[in-house]
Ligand SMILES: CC(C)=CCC/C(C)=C/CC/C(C)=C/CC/C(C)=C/[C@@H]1[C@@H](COP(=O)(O)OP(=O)(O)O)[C@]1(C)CC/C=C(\C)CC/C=C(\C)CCC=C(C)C
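The chain that follows stands alone, in the form predicted on its own, written as structure tokens.
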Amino acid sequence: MAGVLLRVVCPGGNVAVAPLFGFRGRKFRSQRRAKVPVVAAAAARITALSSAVANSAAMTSVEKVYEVVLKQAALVREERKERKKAVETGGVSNWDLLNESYDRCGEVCAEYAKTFYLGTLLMTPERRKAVWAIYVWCRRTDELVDGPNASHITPKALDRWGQRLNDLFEGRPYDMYDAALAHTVSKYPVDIQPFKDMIEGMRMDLRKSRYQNFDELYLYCYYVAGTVGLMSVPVMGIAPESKSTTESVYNAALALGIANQLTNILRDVGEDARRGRIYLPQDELAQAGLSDEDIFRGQVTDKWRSFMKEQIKRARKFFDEAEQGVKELNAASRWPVWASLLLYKQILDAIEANDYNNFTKRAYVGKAKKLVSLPIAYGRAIMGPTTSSKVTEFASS
């Protein structure tokens, strides 16, 4: 999987599938608490509608995913004054222990996502810690199928990870990393669905190594990367002065995840091919006069260059949509997102600079360019939201 998350092993901690996951530690279960609904009535109605519509064979992946976007946006708009918190301290009765849980998440983020970590330091302490907790859960989930023990992971292991997620949202964390996320989801209108969908993306990686068209690939990109945007917006917050609709901001966050994942896929074509995987639309390869054998052969031809130009064009279109939404985020949250967007976007430039040879050359952004990008990102971050009433909706092709 050409995942958006770094391929590293999380230090310490115990998981329900610890022997497969690669690390052990003491369990950190709290006393069982009564289950309290996290989704308000309005959002529940949207969910029911979403389930009914999603079963329609005529519905595209973009339409199915947008139903999830609507649900997340409804949670943010919902008046939450009477909302009960299922977990006041994420299943932890000791505040010192909870702070240690967040600190450990911050250490992981600082170790494996240095640029992003620096950006989070500009956020308020509460938001900063919440983003760390989400990052660590996503990275650990990605490691299930992309880490050193990936060959041993089974669907049952993912089932256990999914049950652990349910327990976490109900205030029953297994370890300190879970405790931080359990507390985060009790404080912010974060829904469990994007987390479940990310696990579904891991399931897809276990059973699927080809994608017939972009509609299939789009759904995969949503599962493994677009979900991160939906998880993060409630924490990062929308600027009070923003005139954009909540749905459009969420849709832009989704677009950034899709853009990042498409960029990963284009960067890692050679690496994935050596693992027997091709994350490129089969129908578009055929239209370009290319086949799986051409990918495995790894030769840069005019046909390949032409094909890659179109794929890069599509990824940039998603980045353009994402830029409109970043402007609408809370001022203290914009810089790390801008930094991530600009750095990832430059990977596409690097692919072009390598003459589209993503078979044997890995496109990357050098330290000098990274350093230059940070003040540019900061400059964009201090610019306020747009004055238009709505961020342009994106319709993929």
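Start at 1 with the first residue shown and count on from there. Keep in mind the model is a prediction, meaning the values are calculated, not measured. Each form is matched to the other, and the largest set of C-alpha atoms that superpose within 1.5 Å is called the rigid core.
Beyond what is shown, the protein has a form predicted in complex with this ligand; the following relates to that form.
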Discussion item. Which residue, H183, R172, R277, R267, is the contact with this ligand in the predicted complex, using a 4.5 Å heavy atom cutoff?
Written reply: R267
Worksheet entry | Single option in A315, L168, V235, M198 placed near this ligand in the predicted complex, where near means a heavy atom within 4.5 Å | M198
Discussion item. Given that this ligand is not shown alongside this chain, does Q346 nevertheless sit within 4.5 Å of it in the predicted complex, heavy atom to heavy atom?
Written reply: no
Discussion item. Against this ligand in the predicted complex, would A179 count as a contact residue? Criterion: heavy atoms within 4.5 Å.
Written reply: no
Worksheet item: Is there a heavy atom of R139 lying 4.5 Å or less from a heavy atom of this ligand in the predicted complex?
Response: yes
Worksheet item: Any of the heavy atoms of V76 lying within 4.5 Å of this ligand in the predicted complex?
Response: no
Worksheet item: Looking at 149 to 157, 294 to 302, 208 to 216, 224 to 232, which one sits within 4.5 Å of this ligand in the predicted complex if you count heavy atoms only?
Response: 224 to 232
Worksheet item: Since the partner is left out here, which residues of 305 to 332 would have a heavy atom within 4.5 Å of this ligand in the predicted complex?
Response: A322, G325, V326, L329
Fill in: Flag for V145, CA shift 2 Å or larger between this form and the one not shown after aligning core
no
Item to complete: Examine M123 after superposing the rigid core and state whether its CA is displaced by 2 Å or more between this form and the one not shown.
Response: yes
